[in-house]
Every structure is written in C-alpha cells, then in structure tokens.
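As structure tokens, one chain now follows by itself in the form predicted alone.
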C-alpha cells in the first residue's frame, strides 16, 4: 500500500484522560504498512489540499459487544431478556446451521459495521462452528478488525442451538488454530460462553482451560436482568454470586469483557477490580429490554475499563454514536452526568483498552495502526458544538470513509 497523507479537522482521544483533543486543521500521515507515521497541526502555508471537505477524521469506533446472528432481528420486541431470547433470538439463531444463510448474513453484518464507522468489534458468533467460520471469512475479506467467539451453549436452549461440551471445545480449538491472531492480530478468537445459564459445569471448566492454554480473550454476559440473576443463583448454588460462577472456572481475568453488569453487588465489583476485567456498557439494549441502568460514572471511578457495545439485536442500531447518546441518557438517569468528550473516548480508545488493544488502535498518534474514519460534520470550530453534532443528533451524518491499517474497508 502506498503511503497516504490526510488533511482536515481531527479528533484524537488522549491516553492519560477520558478526553479528546480537537485539531481544526491537521495533517495525518500513514506509512506503507498502514501505521500512522506523523500527526499534528497543519503548518502555516500548507500546500496539501483538504481531504474530504465537510468531514472530521477520528479513530474508528470500537464496538465492545455485538451479536452476529441477531443482525436481522434488530428492534424485535418480545419482552424482557429471558422471554426475548426464547421467543425472538433462539428461533433466528437456529437458522445459522445453514452455511448459505450464515454467509449471506455475515456479509450484511460487515456492511452494517462499515456503514456505522465501526472498525473493530467484539463479536458473539453463532453456536454453529460453520457459521462462526463464515463470519471470520467475511470479516477477513472486508478488512475489518474483530475479536470473535463461537458462542458456547450446551443447555437451557433449543437442541438446534446446543453443542455438547466436548464437541464445542474441539470446534473452538480448530477455530483458534485457523483464525486467532490472523493477519498480525487483526482477527482474534475469544472464548465466549453465552452466559452461565447456557453452560454446564463441564463446558465452563473447559472454556476456562482453553482460554488459559492459549491466552485468549474472554467475553460473556453478566448481571443483565433480575430473573437471569435468580436463575443463575439456582443453577449454581455453590457460587457466592453471579460473578463467582465465572471466577471459579478461570473466566474472570484481565482478558475478560463482561457485557452489561447492571446489578452487581459491591462484592462483585471488588472481584472484578481485583481481576482487572473490563465492562461492555450496552445502554440502548438495556433500555429496550427494560433490564436497568448500569452506573457508568461509578464504574469509571472504580478504575474499571469500559467500552461501549451496540448489543445488536437488543440494541437497535449498529451506530456507536447512537449508543454514546444512550449512554449519556443513562448516566443522567443515574444522576451522574458523563461528558460528550468522555463518551467519544469510550467509543474509541476506551473500547480499544477494554479489548486489550489500546496500544495498537484508538488514537491518531505515531506508531498506532491507522484505523481511522471520516464522518460528515457541520463546519464549526468549537469542539463542544462539534461533539454534540456528532453524538446527539438523531439524524446522524454519514460516515464518508473507513480505513483499517490505512486500507479502505469494503
């Protein structure tokens, strides 16, 4: 790839604070390996023409929690979490045993990410190995960056979705061998128990051992819904609390991202902090399913890494800008406002840090990989007005360009 130079307005998330710097006229240089080689204000008399006038450049969005097999059921309302799973999600996810269907939806999924400016995603794949392999292939062709897991389920779901523990772990090993750290780490495999209720003790134990053996990322759901929490307590009577189920099986680590975390006890927050685990905050889906509101400000003050998740399909959009707006509303409900700059930071560098990628992506700084996007934005020089326009307008402006390692995502 030839080197390229970009000139324009830029927003750069800062490494030492949940904030972003605004440069109204900057030059960004990308080398032949897709890394940022230089970034800074345009010099006086700069002869480089503006790249894509009417846009602002920034790091690509990082979706810390999204479900590939739910791409086609966005906005389906059928009640709270457990009812919604039974009535809407499980029938749709059963269709992914068909490789042709999985291939078709995988292409749709990649297009939706690109259209939203998402360059990196932590994805729950299907419980069907063939469909998860199809997703990896589509992501590779699209040149997106992703962490993807085979969704582990061997109970509490229709037989068409369950895969016995031994078979599931063998399939996961094969996906690790084929895809983990593919293309210099652009694609990774994550150990992905759907949630404690969907997994037997044997499957959870095997999942923890698999993650430890290969040093894999881990992702799962935690404390989303009161009925779910009660069911977990009944299914695992030997656990001190919901989080303890994962901790007992080696699944609560510094490589783990827990989705939701709405109703955690103080003891659970203490365990999470000690382990160094991260949270995927999914406010839109939490509102849609009536699950509750995660205390974002308090979580940040605890020093827990947090990224934003669309949680499609309970989340009603792939757009991390809309998710940031929902996070703003949720914080107000909690009585602890979160600033727009913090929200953009969480949608970019914060998400990268939550996924363990904060040294590689999420900034416009030399040495970082050039995962950058150009978003149409009004011609304002005031940072506050620009952030408000980007995050809070329901008629969001389109994403005009999406680059991953300096190469256009397609």
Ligand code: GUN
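Here the structure is a predicted model, which is why all the values come from computation and not from measurement. Numbering follows the first chain given and starts at 1.
The protein also exists as the form predicted in complex with the ligand; that form is not presented, and the subsequent description refers to it.
Three-residue candidate spot 61, 279 and 345; no residue lies within 4.5 angstroms of the ligand in the predicted complex by any non-hydrogen atom. Of the candidates 161, 85, 247, 211, 85 is the one whose heavy atoms come within 4.5 Å of the ligand in the predicted complex; the others do not.
Of the residues 221, 316, 305, 143, just one reaches the ligand in the predicted complex with a heavy atom at 4.5 Å or closer; this is 221. A residue is said to contact a partner when one of its heavy atoms sits within 4.5 Å of a partner heavy atom; residue 81 meets this definition for the ligand in the predicted complex. In the predicted complex, no heavy atom of residue 116 sits within 4.5 Å of the ligand.
Although the partner is absent from this view, residue 289 contacts the ligand in the predicted complex, with a non-hydrogen atom inside 4.5 angstroms.
A residue is said to contact a partner when one of its heavy atoms sits within 4.5 Å of a partner heavy atom; residue 136 fails this definition for the ligand in the predicted complex, lying far away.
Across the options 308-316, 127-135, 270-278, 102-110, residues that bring heavy atoms within 4.5 Å of the ligand in the predicted complex belong to 308-316. In the predicted complex, 67, 70, 81 are the residues of 44-82 with at least one heavy atom within 4.5 Å of the ligand, listed from first to last.
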